[in-house]
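One chain comes next, on its own, written out as structure tokens in the form predicted alone.
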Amino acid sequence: MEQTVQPHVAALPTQGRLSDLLSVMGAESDDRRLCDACLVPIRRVRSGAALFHEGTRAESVHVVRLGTFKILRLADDGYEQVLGFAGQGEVIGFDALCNGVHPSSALALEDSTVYALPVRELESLRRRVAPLDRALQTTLSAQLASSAGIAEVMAAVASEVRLARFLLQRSARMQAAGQSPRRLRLPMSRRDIASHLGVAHETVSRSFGELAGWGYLSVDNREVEILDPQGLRSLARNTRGFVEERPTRSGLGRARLSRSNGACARTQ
């Protein structure tokens, strides 16, 4: 018998306008009066709490209003595999509609709020409000396209290259959201990043240190500033490259990488 685990979300009487939800998704309404009249529940999720759990029945599709979530699955041995991160304007839980059960869990990385579109009303709402249907299709298409980015990250051999690609992807998302592409606030922990990149926790910490020592980054806990975007992009292009030697930490050195076939070494 299926066991339903209630998400650890605070009871919330608040509702938001559908027009505000569309604005968060970067969409505009053709009929502002209709969208203002449609109210959508807003749920608050405390940092560290679950919006929903893997294996539970899907009651709503969620759009992140504020905050950040990590999407994860638990392996048979209890290992927490971080599949990705969802921020403002992104859709969470749509992948549960095919069988009615969430295939993963969503945990808040900071105090967050989401719009909750009830599954039982979603199809009718999409038919009545064309801008919502378009916004969902556009957002989900963008998320599918960006999900291919993890394959690109995992294709890299060197952990420093994986981290560089991850940071550049975060930078692009920040820029698309109208924020600084160079000053990044990472709401996720080093352990979360390590799980997402498929490396050890200690490896991520070391890789941050290496990228900072090579002059690409300035790191202050979860605040990261990209000092040399072009250099970081150049490093990130080394899919099959291995770091051959460690440069000095004077800020003048750069990584030396060579491809696995022995060709195309890069130095600075």
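Note that the structure is predicted; figures quoted are calculated from it, not measured. Start at 1 with the first residue shown and count on from there.
Keep in mind that the form predicted together with another copy of the chain is missing from the display, and what follows is about it.
Undergrad: Identify, from the list R46, R57, R206, R237, the residue with a heavy atom within 4.5 Å of another copy of the chain in the predicted complex.
TA: Of the listed residues, the single hit is R237.
Undergrad: Since only the chain is shown here, I'm wondering whether F94 would be in contact with another copy of the chain in the predicted complex (any heavy atom pair within 4.5 Å).
TA: Yes, F94 lies within 4.5 Å of another copy of the chain in the predicted complex.
Undergrad: Please run the contact check for P118 against another copy of the chain in the predicted complex: heavy atoms, 4.5 angstroms, yes or no?
TA: Contact check for P118: no, nothing within 4.5 Å of another copy of the chain in the predicted complex.
Undergrad: Would V199 count as touching another copy of the chain in the predicted complex under a 4.5 Å heavy atom rule?
TA: Looking in the predicted complex, residue contacts with another copy of the chain include V199, since a heavy atom lies within 4.5 Å.
Undergrad: Using a 4.5 Å heavy atom cut-off, state whether L140 contacts another copy of the chain in the predicted complex.
TA: Yes, L140 sits close enough to another copy of the chain in the predicted complex that at least one of its heavy atoms falls within 4.5 Å.
Undergrad: So which bits of 59-84 sit within 4.5 Å of another copy of the chain in the predicted complex, heavy atoms only?
TA: The stretch touches the partner through R73, A75, D76, D77, Y79, Q81, L83.
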